Ligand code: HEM
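Taking the form predicted on its own, here's one chain by itself in structure tokens.
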Amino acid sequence: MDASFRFNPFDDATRRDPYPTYTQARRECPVYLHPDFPIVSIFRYADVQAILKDPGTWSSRFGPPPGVNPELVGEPSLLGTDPPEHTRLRSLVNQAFKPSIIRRLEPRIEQLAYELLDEAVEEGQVDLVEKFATPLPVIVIAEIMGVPPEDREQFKQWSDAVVANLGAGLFVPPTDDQLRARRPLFDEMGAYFSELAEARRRDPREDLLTGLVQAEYEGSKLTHGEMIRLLVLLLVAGNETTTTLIVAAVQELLDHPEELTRLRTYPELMPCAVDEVLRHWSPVQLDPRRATRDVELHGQKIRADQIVVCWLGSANRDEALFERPERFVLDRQDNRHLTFGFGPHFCLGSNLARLEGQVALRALLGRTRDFERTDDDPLPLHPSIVFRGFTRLPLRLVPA
């Protein structure tokens, strides 16, 4: 390991532009044993892909950190399981996210996107995160799950609270007091979904919640606790990642005005454009695993139970796989980015996220002739290091 290399994922400047650091890491230090944190960082595409597709060696189940009371940690969600448990749980929600099902949602997503954009354009100057990038995914996932419209605001507040420190515990294990402080949040969400699930038992509907309730009712397929954890996971993953993607896409087009002009001229490039945002920006930056045995990688020894963090943002710009990786190429072909992960845990909602990203950009370009930042102030970073995004994006929207 190169003694001159240093990587602090919490550093503000690094979070805003981690890519020079990633480039140095891939070249000089592809396996980095952090001197200040109990984790190992992995930076090259081939290594990240190999780890994510091998749950036998690299587990998604972490267990409580050393010194932490196991009773305060609780059972893992779908993200924290391995096959065959993961396969069973995923099969119960996979049907709701099949490509054919997602395509049926497109007219409703378009209706929501244009309604939100019409209101934003009428105002003229807006925070696009507040007026568009946040409410669109929240409404979509709430409707898929079966959450009543009057509960959406609470829904989003819970989601924000869950992700505020997401990923930090990998680097700095939480204390018992910190875990106790978070317990009421999850108890509140659990109570809400339990009550909603009971309502679906009495009055089934065509939504994901009804499907999970029926799976629980059938016995061995799903326990009540598993159902609640799945619902909490979908609540967060179904809106937070897509909000970050929409914000990233708009920022990329602001940063590359020539590509924005090109996209307006050739709207058929929209699917490629969204995937290039997913690669070049990498809204989700990392994906962790736990070594199940001692492993040696690029001369570095990784011991059993060691946590490794796969940096998707680095893998997505690996020059060993991507031509001109630092460039934002609107029509990039064969774009095998890892933003949605790889292997058994490949993102369940990838089709939905892509569709929402495409519809959001189509609506923005369709309702505006131009858009621009209203100030040059540094944008506030997302509180979690898992995400590369902003919580505010002030824009002036010029009507079409």
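The structure displayed is predicted, hence computed values, not measured ones. Heads up: residue numbers just count along the shown sequence, starting at 1.
Unshown form predicted together with ligand HEM; subsequent notes refer to it.
Note on contacts: among K131, R90, H256, K156, the single residue with a heavy atom within 4.5 Å of ligand HEM in the predicted complex is R90. In terms of contact with ligand HEM in the predicted complex, the residue from A50, V40, L361, L348 that brings a heavy atom within 4.5 Å is L348. Highlighted residues L78, H86 and F97: every one comes within 4.5 Å of ligand HEM in the predicted complex, counting any heavy atom.
Although the partner is absent here, N316 sits far enough away that none of its heavy atoms falls within 4.5 Å of ligand HEM in the predicted complex. Using a 4.5 Å cutoff between non-hydrogen atoms, R279 does not count as a contact of ligand HEM in the predicted complex.
At a distance threshold of 4.5 angstroms between non-hydrogen atoms, G341 is in contact with ligand HEM in the predicted complex. Residue contact with ligand HEM in the predicted complex: I141 places a heavy atom within 4.5 Å of it. Contact with ligand HEM in the predicted complex, defined as any heavy atom within 4.5 Å, is confined among 283-291, 186-194, 326-334, 104-112 to 283-291. Residues of 221-255 placing a heavy atom within 4.5 Å of ligand HEM in the predicted complex, in sequence order: L233, L234, A237, G238, T241, T242, L245.
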